[in-house]
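Shown here is one chain on its own, the form predicted on its own, set out as structure tokens.
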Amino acid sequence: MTYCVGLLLKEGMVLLSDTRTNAGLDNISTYRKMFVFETPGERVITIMTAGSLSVTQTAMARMRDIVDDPDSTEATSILKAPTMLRVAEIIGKLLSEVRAEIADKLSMGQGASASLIVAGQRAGGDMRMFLIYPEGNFIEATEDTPFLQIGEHKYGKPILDRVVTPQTSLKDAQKAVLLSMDSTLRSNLSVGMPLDLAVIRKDACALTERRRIEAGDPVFLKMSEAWSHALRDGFSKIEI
């Protein structure tokens, strides 16, 4: 399984994904689940993936081939599409096609499913973020719901519900997604380190920050310990 989360804010976007993929407790691997396509200054598109590894890897490989094809057009390439809405439509169609192809090849009634978070901005357009379902349809982050999650989202959702608004700063947003991930890591063994973090400042049309957080990262460990202490302290002060 996996956990990916994206925040759409007034100042920009913050995205975080884990890298654990498992097919049983004795078959655990690390695979990147965050993919970036950009023409710095003109557009940036970040895709995070959850679900069947065969579906997501195939979809991302085909997407890369299309982007690299000199004969690609606005109708096929996310780096040439005129709007972020069109980007979501292109990716949704590709995901649906790949999912159907792989499902047809599987035996014994097995299914193949995957979902994606697509976030980005093109010059002259607004920042937009979409959650794309396996069937290719999608929903969009809004001011009322400024974050999207895929994978094992239930453990990390409470803190986002309580602290994240469109006015949240990029610094606080990074703290929020990391604590959301920390809660998930503690409660679900199918989500694991290392983590990939990306920040896209509004109108930069390029990645502002990107880093990988390895297991044992001192900053992440300090934050995790401080959060645990704050929760225990707060719990002890509540009277019933």
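Quick caveat: nothing in here was measured; it's all calculated off a predicted structure. Don't overthink the numbering: it's just position in the shown sequence, from 1.
Keep in mind that the form predicted in complex with another copy of the chain is not shown, yet the notes after this line are about it.
Site annotation in the predicted complex: the residue of T58, T46, S183, S52 reaching within 4.5 Å of another copy of the chain with a heavy atom is S183. The contact residue chosen from D161, E143, D126, D104 relative to another copy of the chain in the predicted complex is D161, the criterion being a non-hydrogen atom within 4.5 angstroms. Contact here is defined as any heavy atom lying within 4.5 Å of another copy of the chain in the predicted complex, and by that definition not a single one of A75, M84 and F138 is a contact residue. Put simply, E152 is close to another copy of the chain in the predicted complex: some heavy atom of it is within 4.5 Å. Although the partner is absent here, A230 lies within 4.5 Å of another copy of the chain in the predicted complex, judged by heavy atoms. Contact annotation for A226: at least one heavy atom lies within 4.5 Å of another copy of the chain in the predicted complex.
Not displayed here, another copy of the chain is approached by K157 to within 4.5 Å at the level of heavy atoms in the predicted complex. The stretch among 85-93, 112-120, 129-137, 164-172 whose residues place heavy atoms within 4.5 Å of another copy of the chain in the predicted complex is 164-172.
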